[in-house]
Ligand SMILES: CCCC/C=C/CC(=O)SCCNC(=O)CCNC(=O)[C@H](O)C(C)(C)COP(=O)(O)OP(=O)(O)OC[C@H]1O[C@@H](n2cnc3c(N)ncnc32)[C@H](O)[C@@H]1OP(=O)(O)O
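Given next, in structure tokens, is a single chain: the form predicted alone.
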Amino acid sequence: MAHLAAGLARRWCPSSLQVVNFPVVQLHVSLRAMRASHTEFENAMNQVKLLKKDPGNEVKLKLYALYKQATEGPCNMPKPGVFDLISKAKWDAWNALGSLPKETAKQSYVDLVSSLNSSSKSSGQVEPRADSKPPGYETLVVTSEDGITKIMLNRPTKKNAMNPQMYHEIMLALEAASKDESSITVLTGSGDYYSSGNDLTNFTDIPSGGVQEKAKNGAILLRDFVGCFIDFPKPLIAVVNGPAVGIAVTTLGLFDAVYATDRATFHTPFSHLGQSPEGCSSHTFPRIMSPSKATEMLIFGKKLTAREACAQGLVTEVFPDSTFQKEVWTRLKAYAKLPPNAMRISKQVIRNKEKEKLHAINAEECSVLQERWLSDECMNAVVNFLSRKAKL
């Protein structure tokens, strides 16, 4: 999780903010004549340490900028390079305050912390059920009943965007599901989205080995992740409860059935981000929907409606959103009553001839992506995309 003013590990001390998102925010602060005392300012810093809920990256950037302005005055640091995304976000937030007086920044900091405390108290203590996290998983909810293991992506406030932790947890959940007593396994999402694809803030977490190490590790993780879908031995069903983007779309070609609500959409904007296809989609999509239709999706980034995806063979069946959950789960419970060994063996007969080829394609796609991630074209595209997104 991104850190507020120094991170949870240091109890959010404002002097050393670390941020994993990098919106270029335009700060609007109150120019009150009233001045906060030194004691009030110190109390506000202590209150920040006690916040139980992450207030979000935009607020954390505001707190960082106001703290720096209150203690050091106008931004006095050289502007970081365009690819030093974390430092650039911090610099932009501080620099946006211009010549705001220290005392005004101090008062604005106190006011902002006070509003956060008020919001936290008014929100109550009850967490939505979808946000509950069973032991062992932080980004998923995994349940097993009626012969079905359900793996539900559970970052609804992030549109179920996939970060490295979610990648690892999905692999663990699939490994466990392959060995449990369930007959079929279902992947779905909590909230309004199936998944918005890769969490692009993954690009900002650069290890000590630099971007080359980051790209190498990312390619290995992606290869292993997709490999779990290729090798999964039981019927694997996607219940697409909302929009799907990127890796959440490309892996659908490796599922045995895909059921979607009529409000779902399917989008693979690889070229827009200077990247290339993954999830074996360079092979599965042309086979499923024809080479020209696959080109529209994978190269030109055409977004499909659920009905269009069904017509092209990517989706098995589409249901009205109002009855989607009821109809799909009634059908899946019926499927789960079929003889499990017969279903496993049938899948093996259908899929085994292609497994070796799919693994080779997966490795090639990941190798190409590793090169793309290191390219200036990709880095510039990601920076431009997130800069535009931050201004919406």
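From 1 onward, residues are counted along the sequence shown. Bear in mind the structure is a predicted one, so any value in this text is a computation, not a measurement.
There is also a form predicted in complex with the ligand; it is not shown, and the following applies to it.
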Report summary line: Contact with the ligand in the predicted complex, heavy atom within 4.5 Å, among L174, L140, I247, I184 goes to I247
Requested in this report: Let me know the one among Q312, T201, N117, N95 whose heavy atoms come within 4.5 Å of the ligand in the predicted complex, would you?
Outcome: T201
Report task. Considering only heavy atoms, tell me if T284 and the ligand come within 4.5 Å of each other in the predicted complex. Result -> no
Query raised in the report: Might G274 be said to contact the ligand in the predicted complex, defining contact as any heavy atom within 4.5 Å?
Result: no
**Report entry** Exercise: T157 in contact with the ligand in the predicted complex, heavy atom 4.5 Å
**Finding:** yes
**Report entry** is_contact(F255, the ligand) in the predicted complex, heavy atom dist at most 4.5 Å
**Finding:** no
Report summary line: Of 214-222, 315-323, 69-77, 145-153, the segment with heavy atoms within 4.5 Å of the ligand in the predicted complex is residues 214-222
Requested in this report: For the heavy atom contacts within 4.5 Å of the ligand in the predicted complex, list the residues of 159-178 involved, in sequence order.
Outcome: K159, A161, Y167
